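Coming up is one lone chain in structure tokens, specifically the form predicted on its own.
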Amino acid sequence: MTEAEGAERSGAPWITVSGLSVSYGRKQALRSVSFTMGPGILMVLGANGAGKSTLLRALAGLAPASAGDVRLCGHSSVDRRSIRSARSHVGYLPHPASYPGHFRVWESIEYTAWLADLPADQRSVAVRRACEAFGLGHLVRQRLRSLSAGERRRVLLSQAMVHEPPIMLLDEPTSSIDVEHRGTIRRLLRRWSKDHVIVAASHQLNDVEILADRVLVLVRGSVAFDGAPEDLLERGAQQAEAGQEHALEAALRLLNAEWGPGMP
């Protein structure tokens, strides 16, 4: 039984964030963020600069915390002594993301599987499975620099998930992806969320409505809302009826106004 499965059976959260703060020089990007999460999809929303990408980077152990702690399946991604163990439970998709343009699709995903310590005898099967899941079978010999932006995004998603980690951290997972493949990816995420934790940041309102089990809204690095997507929609419904806004847009605008510069 894996550590993630043990956490699930014991009822313990797979992700525990306690008073997490992250600063870049004088700028505080995250302010005392706390939440727990088990299997399901947590969508992180907020305006540009609200701290969404910083939160995902901090969960992945890539943004040093100035205060607080992050535990992934019981391992701290803040403590240097356990960060490697914490990262072994994670698949991470950044946005924007760099990529080695000379790599072919197959070898780029296989390389990620190797980095994730997937045993040699399992790599080919895992890479083939990932390519099939994201519709990349006809592209495996293509070099990454020759692909469209949407095709590269699907390769990067495959890299994040090839080793089937219990925790997936996805920054704008459907960005640049065409409508057909976006639907496929959403169905995959919904299926995987039954026994994985998925934390995704997105500006796609449809992603939130279709995918979210829970929504976390950041305003200037602080948690302004944490709850069910229906509750967030309800906040903006009245404003949306009076104008031309989507209910989610209205709710986010109201939260940004409520959590003005004078708020913590």
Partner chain sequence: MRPPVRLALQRSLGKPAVPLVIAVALANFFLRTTDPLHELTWTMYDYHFATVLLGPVVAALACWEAIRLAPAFPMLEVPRDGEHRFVGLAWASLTAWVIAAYLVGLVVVVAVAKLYGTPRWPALVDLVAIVPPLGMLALVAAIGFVAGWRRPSWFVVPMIAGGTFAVVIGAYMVQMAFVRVGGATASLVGLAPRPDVAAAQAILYAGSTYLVIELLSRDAGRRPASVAAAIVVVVAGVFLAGVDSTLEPAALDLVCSGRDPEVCLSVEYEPWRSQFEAPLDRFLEGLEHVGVAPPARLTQARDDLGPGVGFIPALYRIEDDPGGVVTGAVSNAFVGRCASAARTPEELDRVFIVVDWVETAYHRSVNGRLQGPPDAVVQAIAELESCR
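Bear in mind that the values here come from a model prediction, so they are computed numbers and not experimental data. Positions refer to the first chain, counted from 1.
Quick note: we don't show the form predicted together with the partner chain, though the next part is all about it.
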Answer yes if any heavy atom of residue 47 is within 4.5 Å of a heavy atom of the partner chain in the predicted bound form; otherwise answer no.
no
At the 4.5 Å heavy atom threshold, is residue 191 in contact with the partner chain in the predicted bound form?
no
Interface membership of residue 57, the partner chain in the predicted bound form, 4.5 Å heavy atom rule:
yes
I'd like to know whether residue 120 contacts the partner chain in the predicted bound form, with contact meaning heavy atoms within 4.5 angstroms.
yes
Flag this candidate site as yes only if 62, 100 and 159 all have a heavy atom within 4.5 Å of the partner chain in the predicted bound form; otherwise mark no.
yes
